[in-house]
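Consider the single chain below, provided in structure tokens and representing the form predicted on its own.
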């Protein structure tokens, strides 16, 4: 989450209430956001305050590079860099699994060394996320890629699957490393630096807040979520529907493109075999075969990009939504605990006795939860906006490249046909 704010969680009083209508969907296209000179251009300001030129780029690739400037400049202020690479397959008599190299570079004093390199498997990442959820219940924990895959449908040891998972694990660690609170978690430190990760003992770190969240309110029903948190829940439901629809249609498009690709691969060679007994049409027919072959290669690249780059982002945000909903539920539990204790005080017989300290502490926990959740929501919104900008710009760029390759392939055939016509004219 390189573009996330690195400041402390915002105070409860600083955030105003927002209705669901005020929270824009990331895929919506407001007219003001599409017109040059509109107020939406205020988003295009680099962290150092330098405004970004909003004039039309020469190509979609230059637009993509421009949108990535924020991440590049933000890296100058970070002090913790984490990458996941070099997947390796391990085969033993008991199991077969993949490990990934986790490299860390840092200037933080919490680490004994400036650089670390350890190997971790998926279950280690899963252990880390569970520990983060336990010890930081008020914060949004980034999602991991789904662990289980359907046997016979996806080969979890294929290069494509392993690379897709590596990218997702790399993004997970980067999001945690860029978080102003999660990045200082002791479990995260151990994950990055310990050669042998003792997952059974861990660090036994469980904050009082974490214990409080497990408090059972005895069937107490929350009166009502505050308006802004209710709006978050409504927005997440809407966002889930939109992503689900896009994911379903995108998978159908990929399926149809794959079927079309199979037809093209059979279609091109027909012209090549035909040319072998058509001496007069040999060059044009071979030209058509080559064009179809080039278009097939371009379509294959487009389909792979959609499968490996587009769909994983959609699925990550579906999982992100589930994580956010879980945090909202935990917030509701803490509020319900506070309301239960507060009602007990209100209906007590001795009205002169001061409010018990446990009620005040519970109120503090609610306010702390609200502040942390709102800060993480703002961070998530900013990160989501940048992710979808780059995702959609990349998709546009890939489609432009696809059609440019197809256009170039067919245009190359025109001179061959013209030469054939001129040769026939001369002989006649």
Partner chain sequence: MVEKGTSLLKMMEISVAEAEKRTGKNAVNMQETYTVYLIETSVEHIIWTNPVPDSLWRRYSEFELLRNYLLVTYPFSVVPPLPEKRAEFVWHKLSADNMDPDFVERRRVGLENFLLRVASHPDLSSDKIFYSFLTEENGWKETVFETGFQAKADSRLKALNATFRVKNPDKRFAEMKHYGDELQSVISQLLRVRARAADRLYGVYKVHGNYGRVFSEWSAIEKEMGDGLQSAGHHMDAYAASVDDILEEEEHYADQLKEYLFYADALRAVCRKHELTQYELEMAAQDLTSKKQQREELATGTIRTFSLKGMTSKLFGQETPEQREAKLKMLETQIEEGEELVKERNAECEEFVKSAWVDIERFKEQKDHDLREALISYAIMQISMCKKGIQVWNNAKECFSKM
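Keep in mind the model is a prediction, meaning the values are calculated, not measured. Residue numbers count along the first chain shown, from 1.
Below, we turn to the form predicted in complex with the partner chain, even though it does not appear here.
Looking at 319 to 327, 336 to 344, 133 to 141, 252 to 260, the stretch with residues near the partner chain in the predicted complex, meaning non-hydrogen atoms within 4.5 angstroms, turns out to be 252 to 260. Of the residues given (157, 81, 274, 184), 274 alone sits with a heavy atom within 4.5 Å of the partner chain in the predicted complex.
The partner is absent here; in the predicted complex, the one residue of 194, 238, 224, 103 having a heavy atom within 4.5 Å of the partner chain is 238.
Within this chain, residue 363 is remote from the site of the partner chain in the predicted complex, having no heavy atom within 4.5 Å.
The partner chain in the predicted complex is not approached by residue 87, whose heavy atoms all lie more than 4.5 angstroms from it. At a distance threshold of 4.5 angstroms between non-hydrogen atoms, residue 146 is out of contact with the partner chain in the predicted complex. Taking the partner from elsewhere, residue 122 is found to have every heavy atom lying beyond 4.5 Å of the partner chain in the predicted complex. Contacts between stretch 381 to 410 and the partner chain, counted in the predicted complex as any heavy atom lying within 4.5 Å, involve 381, 384, 385, 388, 389, 392, 393, 395, 396, 397, 399, 400, 403, 404, 406, 407, 410, listed in sequence order.
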